[in-house]
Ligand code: PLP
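Just the one chain here, laid out as structure tokens, in the form predicted alone.
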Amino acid sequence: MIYLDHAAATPVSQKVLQAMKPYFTDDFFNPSAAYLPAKKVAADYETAKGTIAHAIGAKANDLVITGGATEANNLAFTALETELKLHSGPHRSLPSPRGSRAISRAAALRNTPSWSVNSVLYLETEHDSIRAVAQKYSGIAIKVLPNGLVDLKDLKSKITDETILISMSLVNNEIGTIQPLAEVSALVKNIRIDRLKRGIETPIYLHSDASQALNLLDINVARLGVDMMTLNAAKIYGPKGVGALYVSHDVKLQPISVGGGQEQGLRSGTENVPGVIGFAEAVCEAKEHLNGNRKKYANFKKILLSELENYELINKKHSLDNFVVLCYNGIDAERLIYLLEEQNIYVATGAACAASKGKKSHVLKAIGLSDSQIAGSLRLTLGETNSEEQIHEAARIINSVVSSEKERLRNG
């Protein structure tokens, strides 16, 4: 098998698996229990959270552990619910963003617009877990340029005094585009300052889904200037069903589930101790091999692009080294996927959740591809299961399959 779909899922590494095993068997205790073995498990859990947080320049208390990136993204958007409650509840005051003083609700209503359709902005190429929740709040999409980068002029034109939340992935899950988050956060900071000067205390937050980024980018939340950031164990050779949301101290969220009050009351339920232990080990491995993986995947990508034939490269610049998005215009990429699977090569047409439903890629449409180009596009994402020998073999087989398919189409 030659697996070229690491953006969809990665296998759990052996070190991660070994780290998790004791917490399924010997150290199975509920962290909330009062006896010593349970307290040890609780301490191990918090240590693991600290390891994950440290990798992005944060502390354990800054993280809320979730059941994956989708839940983390949904939780981030509850910052809007907090604002709704503050605006509608009696005798309430707005939060004090970035050190500003709280003001009474009466003063807030004089100076601060109420929640509206302008409250949420999101990049039009976002994952469906962002798009769906943003649309729930009547969010407005920010355009991207043909290279997949955010259109900063469009972003600036759509920010109003009512804007509360901007959501923008650090790395796009379909084409691997790396967004200039630091530049966007600088813009957000200037808007905060301008609002305060004008007596408007409506907060504005920047959220980023970094699910695809932690394996190949050195992430620091302070350097990027984000208020919230989503992480995902399943994309970095950790267990599936485990994610985390970094939340800065200025942001107030609402719980999605209530009960025992775990995760600072934002995510009740018995902690997934093995999952978080595995997540922490996966983060350590990712940080340790960051530079080596970059070089390795850059080499693999260079080999692929030099040996593949008659393709159009979609993500030429500004993308992660392990993303290769190809277009074979005039050929049905979904048919190519099945033909390649017969040769034990596994690739994708885009996000796994969208491809399984037969939906056309909204990402490729957003960067200006025609329907024919979208229909003929393949996403290859490289990873730890690959070797240089496999990359040569994959290029040879893909060329053969594409050539045969073109011949079939010519002959009717």
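Note that the coordinates shown come from a computational prediction; the quantities given were computed from them, not determined experimentally. Residue numbers run from 1 along the displayed sequence.
Absent from the display: the form predicted together with the named molecule. The rest refers to it.
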Contact segment among 246-254, 263-271, 67-75, 294-302, judged by heavy atoms lying within 4.5 Å of the named molecule in the predicted complex
67-75
Does the named molecule get within 4.5 angstroms of any non-hydrogen atom of residue 315 in the predicted complex?
no
Do residue 202 and the named molecule come within 4.5 Å of each other in the predicted complex, heavy atoms counted?
no
Is residue 212 near the named molecule? Define near as a heavy atom within 4.5 Å, in the predicted complex.
yes
Taking any heavy atom pair closer than or equal to 4.5 Å as contact, tell me whether residue 232 reaches the named molecule in the predicted complex.
yes
So the named molecule isn't shown here. In the predicted complex, which residue out of 82, 118, 129, 185 has a non-hydrogen atom within 4.5 Å of it?
129
Members of 46-62 lying within 4.5 angstroms of the named molecule, judged by heavy atom, in the predicted complex
none
